[in-house]
Structures are given as C-alpha cells and as structure tokens.
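One chain is shown next in structure tokens, namely the form predicted on its own.
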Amino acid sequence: MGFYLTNGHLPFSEPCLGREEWEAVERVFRRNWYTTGPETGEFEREFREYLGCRCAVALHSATAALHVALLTLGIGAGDEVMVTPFTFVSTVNTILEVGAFPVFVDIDENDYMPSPEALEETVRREFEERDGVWYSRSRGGKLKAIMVVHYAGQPAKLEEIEALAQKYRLAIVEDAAHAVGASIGKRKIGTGQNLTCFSFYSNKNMTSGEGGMVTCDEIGWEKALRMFSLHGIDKEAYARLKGSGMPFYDVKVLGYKYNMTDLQGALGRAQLKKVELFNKKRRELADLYTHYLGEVEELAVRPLRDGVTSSRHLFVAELLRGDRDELLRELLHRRIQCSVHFRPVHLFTYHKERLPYKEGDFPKAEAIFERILSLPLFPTMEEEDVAYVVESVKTVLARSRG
C-alpha cells in the first residue's frame, strides 16, 4: 500500500529512518559523548571509503561546508566567484559572508545549470587579464573561483568546467547538496581536487537531521578545513580530553562553530549504509514519473545527459502552458505537497538591495522559475503514489484546458 493511501496525504519529502538509526543513537548515549568524537570520525572515514576520496570533514550543515571551503581557498574581500542565481540562497550567501562578490551566470534551459560556454563568455565579457589575474572591468575585483551547483542530483558538466578553470587559473567549489551518490562515468561526485560540499539535511537523499561534509583529494587542505570549522582551534575537544589528556590548544585562524555532533555522525553512518538503496528507489520512481508524464502535453521533463548517474534528489517538471501556481494550489488541495527549486537569488529583497542585479538580467533562470515544480520523491513512496500524483496533475490540467 502506498504512502498516500496509508497516511491520507503525500508530503514533498520524508526521511527514511529505521531500527538501525535508533540503535546508532543509543550507541552514542551509552558512550555518553555527544559532541564531535568517535562517531563523527568514523562517519568521515566511512564517507571517504564510500566516495573513494582522501579527505572528508564533517560539519553541521552544507552551508558551513561551503563557507569553510571558501575560507580554505583564501577567498575574501575584493575577490569574485562565478555562480548560478538558480540555487538555494545559502550557496550565494556564503560568498557574501566571506566578503566576496557573486558573479551570476544564467542557466542552460536543458539542465538548469550554467554551461561551460556561458561561464567562459562571462569571463571574457566582464573580466580582463592583468599579470595572469582576471579583474572585473566594472568593480576591480579578482576572479578567484567557480562555484558549481549539481542541480537536482544531476552532475554539472564538471570535466569541461574543470578545463575552463585550469585555463583561467580558477579554483572550483562544488555545491553537491543534491548529489550524494551521483557520478560522471565511474567518477563519483566528491572525488578529485575540488572542494565538494554535501548536505545531510532532513529532506536529502541521506540525513543526519542537520549536517554536511566537505571532501577533496588534496590532503593538505584538511587542517585548514578543521580549524575554520571549530573556532580556529588546532585540536578537537575529544582529542584533548579523551586522547592525550592535555587540555592545551592554540587558535590559529578566526574560525566558526561548525562541527558535527556524534549524534549526527551516528545517524549519518546508519544512513550511509542505505544511501545506494535509497538512490536506486529514487531512480525507479523518477523513471515512472518520466514515463507517465510523457503523455501530458503541457509538461516537459528534461532528460538526463548521457554518461551521468543522477542521485535523483528532485524530480522537476516544467509546465509549458498554464498557471504553475494554480497547479500547485490544486495539488495541495488534493493533499499532495510539491515545491519549487529555485527562485533565482537576485529576486530576493536582501540581494536586490545589495547587488547590482535586477529582474530581467537572467531571463532563462527567471523564466524557468515561473514554470517548474518539484513533485514528491522519497524512498518510501510506491508506484501507486506516483500514479496518484500523475493522475491528479492530468485532472487539474484537463480542467484548466476547458
């Protein structure tokens, strides 16, 4: 029996927790150590092994991971970072928090991410090279990095963007909040030289309630990542009190309180063992949606690129004709909760007041925002849940068709 028939409603997302997660939390209580400690350390080790990367640092959110990644790269006031406006607000906010400027690049309508060509065009149009550094023609800031967002679980065109970054001597930070378990060919997202940031928020493919991880293959960055995530301190509390026993430490940088707790780490470890099964079920459900919605002439579902494996964090449909907001309201009336990913960041009041962007500057992102909706997708859904959503969509659209 499907989730809807059992519960009388269908949420947009639902975490999938079981006995293993209860036992993991009980293990923490028995040890009586709740902040960063052995569970967090084991979670980092197991996540490294899962991805095949050399470095993994657990944090209390993906936002924290993005922030410390930028700090580790030395990005700050006077620097500029290329990024899409079509993302969750924290992606852009972390650039602002380090004092840098977000250079927005419009999206490709086929996968809702900036293309390598659009990124290079932005460099050539807005920046000029002086002594091997690219300076903004209008602001004078130095272009330092590209923040790549893997939208909805589909990897961006990472290899092409890496070639572009090498050409212009730029770093890359990957926002992989949607992309646990995604890959390009045999390369899992989170491996390679880039700093890659994952989310374990409650609606993600695996959860620790709140939580994040930053990964890379550059082991030399690990010390900086850890110091920035814990007040700039050079030793963690567990190592001081349970390891050497000596209470002394030094503060090397201005850091933040971003560490993951052992309660989160224990949940993360239990979920990591299941994430491949979760992702498999998500892909199966997404395939059903794609099949059934292919019959709906008012909707478009953008196909995945060849050679990539999506984690299918979101299933996004695009309304070609009709009123998207009315469709959302009617589905909610039928006890189906949907969402929209994303409202372009430059349209928010805070960012409109502080950044030199205005409505109309990024027409593709703005137009797509007006047309898309994210349908319910989580591992405990069944085929009849997908059928109910699709039938409801068809009914609403047929009625509006008149």
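For every residue, the number given is its place in the sequence shown, counted from 1. On a predicted model such as this, the values are computed, not experimentally measured, just so you know.
The same protein also exists as the form predicted in complex with a small molecule; that form is not shown, yet it is the one meant from here on.
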property	result
Option touching the small molecule, based on a heavy atom within 4.5 Å in the model of the complex, out of Q154, N259, N279, T87	T87
In the model of the complex, the one of S229, S311, T72, S199 near the small molecule [non-hydrogen atom within 4.5 angstroms]	S199
4.5 Å heavy atom contact, S61 and the small molecule in the model of the complex	yes
Distance check, A145 to the small molecule in the model of the complex, heavy atom within 4.5 Å	no
Contact flag, A177 vs the small molecule in the model of the complex, heavy atom cut 4.5 Å	yes
Contact flag, F342 vs the small molecule in the model of the complex, heavy atom cut 4.5 Å	yes
In the model of the complex, segment of 284-292, 123-131, 204-212, 303-311 with a heavy atom within 4.5 Å of the small molecule	204-212
